[in-house]
Ligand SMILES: C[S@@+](CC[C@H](N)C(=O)[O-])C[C@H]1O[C@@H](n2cnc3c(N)ncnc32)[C@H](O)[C@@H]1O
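Read the single chain below, which is given as structure tokens and is the form predicted on its own.
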Amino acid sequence: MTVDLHADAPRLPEGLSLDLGALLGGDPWPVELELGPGRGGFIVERLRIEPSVRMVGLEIRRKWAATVDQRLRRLGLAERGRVFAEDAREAVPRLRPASVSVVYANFPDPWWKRRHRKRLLLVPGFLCELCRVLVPGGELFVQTDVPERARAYEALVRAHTGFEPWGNEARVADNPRTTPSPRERRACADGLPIFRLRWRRI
């Protein structure tokens, strides 16, 4: 019999119209949302550097959700940041409309084999849900080091009437945050091109 060592990983409350802000100190104002924080490098560093920021991460792997959430507690950041063991595709539709100020999708690219296509996160239906939970003027920020994926993401969001490029076009040369994700640092160290895409919720 296999024992799930992370069966007690933090989960979102049951129900619909969840207010992520209410899970962080009780205040209902919008929070930043990271899709798939992995080992938590980005969310931890961002909370450390920006004391006014509040963030929630949705991580499908229970092990990492539990590990990062515990780390936030140890660092005294749990009132401003939590990570929940959730599949973002199932959790985001349960969130209250206009309750998120920024959505980060840092390198959300699945493996390349055809059978892993089903793991694609940014697809039309899910994009509609992201649009719904973002505040007007809120931001969708996507990074990838795969040219084909960057083009696909651009085409996907361009076809949605709820978003517009942050500037003249969606692609931006630099990360607007001072907290690069671990994958971003690794790609830079390896000399890989990084495609950064930034949109505003209309």
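Start at 1 with the first residue shown and count on from there. None of the values given here were measured: they were computed from a predicted structure.
The protein also exists as the form predicted together with this ligand; that form is not presented, and the subsequent description refers to it.
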Q: Would you please decide whether residue 36 lies within 4.5 angstroms of this ligand in the model of the complex, comparing each non-hydrogen atom pair?
A: yes
Q | Interface membership of residue 60, this ligand in the model of the complex, 4.5 Å heavy atom rule | A | yes
Q) Wondering, does residue 88 line up within 4.5 Å of this ligand in the model of the complex on heavy atoms? A) yes
Q.
Considering non-hydrogen atoms and a 4.5 Å limit, does this ligand approach residue 64 in the model of the complex?
A. yes
Q. Pick from 121, 131, 95, 77: which residue has any heavy atom within 4.5 angstroms of this ligand in the model of the complex?
A. 121
Q.
Taking 4.5 angstroms as the heavy atom distance cut-off, pick the stretch from 37-45, 132-140, 163-171, 150-158 that is near this ligand in the model of the complex.
A. 37-45
